[in-house]
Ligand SMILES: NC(=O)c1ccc[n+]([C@@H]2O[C@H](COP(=O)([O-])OP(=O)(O)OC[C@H]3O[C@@H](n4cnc5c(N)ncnc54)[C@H](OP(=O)(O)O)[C@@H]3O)[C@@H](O)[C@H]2O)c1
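The chain below stands alone, shown as structure tokens; this is the form predicted on its own.
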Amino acid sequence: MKAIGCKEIGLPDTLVVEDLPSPNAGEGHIVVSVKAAGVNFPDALVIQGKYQHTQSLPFTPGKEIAGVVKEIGAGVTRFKVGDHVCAWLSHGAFAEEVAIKDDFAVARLPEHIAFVPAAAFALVYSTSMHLLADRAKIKPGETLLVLGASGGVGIAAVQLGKLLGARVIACASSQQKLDFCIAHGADAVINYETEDLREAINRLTDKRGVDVICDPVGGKYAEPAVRSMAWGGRYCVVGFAAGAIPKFPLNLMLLKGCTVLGCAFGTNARRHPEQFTANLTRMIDWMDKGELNPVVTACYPLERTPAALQDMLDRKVTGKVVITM
């Protein structure tokens, strides 16, 4: 089978396409014929050795897939050959086949759900769902502010926020990205490159402020966003795509009566698999009913995976990018 190999720490152009033996389904495992694999910002960090969880060399990167069960190992009872599944992995998604442990991180898909959108939500949509439902416990009628709203986690938060009954304000750096957010459900938008973020939030909330902030970006917009919180608001830290880890005065938490919440999806899923399963099941049900459609803006063949990762690093990506086999 063909796979993407990471044999040295570096940028995407150090990755190679290689032929590897097909995996076998050991006890308690299944082998999945991968039809599509989601591309995520952490994938670009992992290959550079910049992610919070490192991977021993050599390895196949990639953290989410959709495909068909090819083989089942001894002791597997939840799946049968031919089942359509999606899964979240620590690594190994950018390959034609992958062996996966039969545990909470694998879910059966209704067969009419296409593989490309199914490969686009196990990680980023689960991240945003964990943020909104488990950490922020967002309520219908509350206002959600999404920073970096045109990216993978951002646009997932926009869509899921609407499904959970929130009013959504999307923030991005260009009119094209803001139009993209409006097309996928944002109620209002802010261009934080050309507008004063605090003034815009005050205008859009009649100076009340926002209840929940989804921040996968970090950098210079975190503090003005926190200063624009409503009383009792929740600032949810997802990541630092901008590179800089923000620092702001702790007295803001006192003055706003607000909470800073870390949203470490992967660690939480391992500690509380029942939450991950419940959220994933809920989202698959929404997809089954046509209420949730993961936003995929581009598909790349397997051999162009390095280009997909480089486009993500170069901020050329909106929504989700998927690798197809």
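Start at 1 with the first residue shown and count on from there. It should be emphasised that the depicted structure is a prediction, and the values quoted were computed from it without experimental measurement.
Omitted from view is the form predicted in complex with the ligand, to which the following refers.
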Would all three of T127, G148 and A172 be in contact with the ligand in the predicted bound form, where contact means some heavy atom lies within 4.5 Å? yes
Would you point out which of 213-221, 226-234, 78-86, 105-113 contains residues with a non-hydrogen atom within 4.5 Å of the ligand in the predicted bound form? 213-221
With the partner omitted here, the residue among L197, V168, L132, A241 that in the predicted bound form has a heavy atom within 4.5 Å of the ligand is A241
At 4.5 Å between heavy atoms, is A25 in contact with the ligand in the predicted bound form? no
How about L280: is it within 4.5 Å of the ligand in the predicted bound form, going by heavy atoms? no
Heavy atom of V153 within 4.5 Å of the ligand in the predicted bound form: yes
Please determine whether L123 contacts the ligand in the predicted bound form, using a 4.5 Å cut-off between heavy atoms. yes
Applying a 4.5 angstroms cut-off on non-hydrogen atoms, the residues of 251-276 near the ligand in the predicted bound form are C263, A264, F265, G266
